[in-house]
Every structure is written in structure tokens, then in C-alpha cells.
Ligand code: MEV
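Listed next as C-alpha cells is one chain, alone, in the form predicted alone.
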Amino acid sequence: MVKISAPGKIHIIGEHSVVYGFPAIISAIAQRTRVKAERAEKIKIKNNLYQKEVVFEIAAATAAAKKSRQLWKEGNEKNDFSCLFSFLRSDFWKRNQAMLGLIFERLKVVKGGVSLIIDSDLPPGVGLGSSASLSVAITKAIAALYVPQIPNQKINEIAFELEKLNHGRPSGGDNSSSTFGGTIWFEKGKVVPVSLPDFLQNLIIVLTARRNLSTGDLVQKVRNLEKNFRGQKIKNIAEATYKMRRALDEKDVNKVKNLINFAQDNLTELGISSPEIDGLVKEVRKIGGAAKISGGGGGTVICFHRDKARLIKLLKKLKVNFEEIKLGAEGVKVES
């Protein structure tokens, strides 16, 4: 048996613009997905998060992967992945079948199956990169059983293929963050490590009502906006991302704060905030802090104030569900 874990992530800045080829700054967090794996004749998955388990033939995984690839190709041509998403939601395990089928195909494993036990600290659908973390962890686990010398770069490439099934046209940033860890500057597939000033460890995440849309649905929603309007907001976020990198290098706390707020304003105008989040952002700004969505549509909001104690006092007063986090966590790894 092998034990693998991979981290979740937050977007410090650049979500949604990164889908269009612009940069993003993404940091791996301490919360992780953990997978135990061993060889088997069939495919067995036990997901402790949902308290569900299933056993299916390898042929079912192969068929689901083939169908998903075809639907992805059609969606890519139409600029609309709704048929792919509908297929993968047709039953609880369809997405897992497609993912496992694709992994075995990419690893060129022609004989044998796998038994997986999945645990996660990452709630799904809140913008913490749960799907990417799972994609990376499962790929690494199966590779460790069948192709143990495979480099993490290949793990990342396969995980990106899985993320395409999950989200249509993802940037690849989430799976790269989960694979390599730390804090990264991600642009068009290129990963560059970024150093964070100590004050950014004051970030706290607030978990709001779970969003109704998946990441893929949110990306599609933004893609469906009027082109010129969307393009200007995406450009604004991209420019803010470049400025953020300079502000982090210069350790300029005021610029960092202002850029977080500026990014949130543009994300709100793209229609991916919520009244609950808007209210939280307003309260954090009132005390001189900054807050923004990490992803969108609900879920995770990152909150920052140079005085962390003051921020915590506010969040307790607001009675929101918040967690202190550690940025720059280690990437995918074999657990002892």
C-alpha cells in the first residue's frame, strides 16, 4: 500500500483571468487530500468524505474516459462544456470512473486495477482546489504502484487532463500548485516560485455558503458574458496581478491590500460574488482590511489585515466560519 497526499490552494490574485492566459499567484495550503492505494483486480473507491464506496470493472472506467474525451472535444469546439458536465454528473461515480480510466491510459497500465481510500480536509465546491488536489493525489498514488519512477512533471500533466474533464478549459494553475507546492506565479503553463512577505501569513479564510456552481460552471458563466465587458474586467485583474507581484517583492503592505480589494471589485462585476460575500467584504474594508473571493460563486473568501488580531475579533463578531491558514505548503508527497 502507498499513502499519498496533495495540498489544496488559494488564489492570492488572478483567478478567472488566468483561464485566458494571464498570470495568477497561487499558494498551496496546509489542508490536504490523502489517498491510500493498493493494487487490485478491479477498481474500488472508498470516499470517506461522502461515506460512500463503489467497485466497478476497469472496462467501465475505460468507457467513461472515452466518452468524456469525446464530449470534451465537442465542448471545446462549441465553446460550451455543458454536455460534458451533465454526463459526468449522470451518477455519483461517473466522474471517478472517467478519471481512473484516463489515469490508467496515460500511465500505460494495461493490467490490474486499484483500491483507493480517499480522505480530505478540503470541502468540495468552495474554491480551495479540492478537485485538483484529488486529481494530483490519485494520479501520484496509482503511479507509485505501477510506474514509481515517474517525475512530478508528468503527474502534473496527467492531473491537468483530469482537470479538463472537471472544468472544461482550466488554466492548469490549481493542479500545478497542488503538485509543486509553495507559492507560484503561474502563466500559460509556466511555474515560477514566489516568495511571500511575512505579513501575508495574516491571511484568514472565511467559508461562506457553498456555491451552487462548480468551477467549470463558473468559468463558463464568465465566458458567456458580453465579450468587450468581460475582456476589460479580465484585463483589469491581469494588470493587478503584475502589480501584486511587484508589491510582494517590495513588501508593500498597502499596495497588497489595495490590489486584493481591486481584484474583488472586478470579480464582483463579473457576477461571481454573492450578497453574503459582498457584506463580508464591506465589513473587512471598514476596519482597513482587504477581502476577496478565491475562485468565485460563493465558498472561500480570503481576508487580510496587517493586524491579525483585529481581523479575528471582527470575524468572531460577525459569527462567520473562519480558519487561520498556512500558505506555501509542500506539494504532493508520499506519506510515511
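Values in this document were obtained by computation on a predicted structure and should not be read as measured data. Sequential numbering from 1, following the sequence displayed.
Heads up, the form predicted in complex with the named molecule isn't pictured, but that's what we're talking about next.
- Put simply, of 143, 84, 219, 260 only one has a heavy atom within 4.5 Å of the named molecule in the predicted complex, and it is 219.
- Contact annotation: residue 295 falls within 4.5 Å of the named molecule in the predicted complex, judged by heavy atom distances.
- In the predicted complex, the named molecule lies farther than 4.5 Å from every heavy atom of residue 133.
- In the predicted complex, the named molecule lies within 4.5 Å of some heavy atom of residue 171.
- Contact between residue 19 and the named molecule in the predicted complex is found at the 4.5 Å heavy atom cutoff.
- Looking at 112-120, 97-105, 163-171, 71-79, the stretch with residues near the named molecule in the predicted complex, meaning non-hydrogen atoms within 4.5 angstroms, turns out to be 163-171.
- Using a 4.5 Å cut-off on any heavy atom, the residues of 1-16 that reach the named molecule in the predicted complex are, in sequence order, 9, 11, 15, 16.
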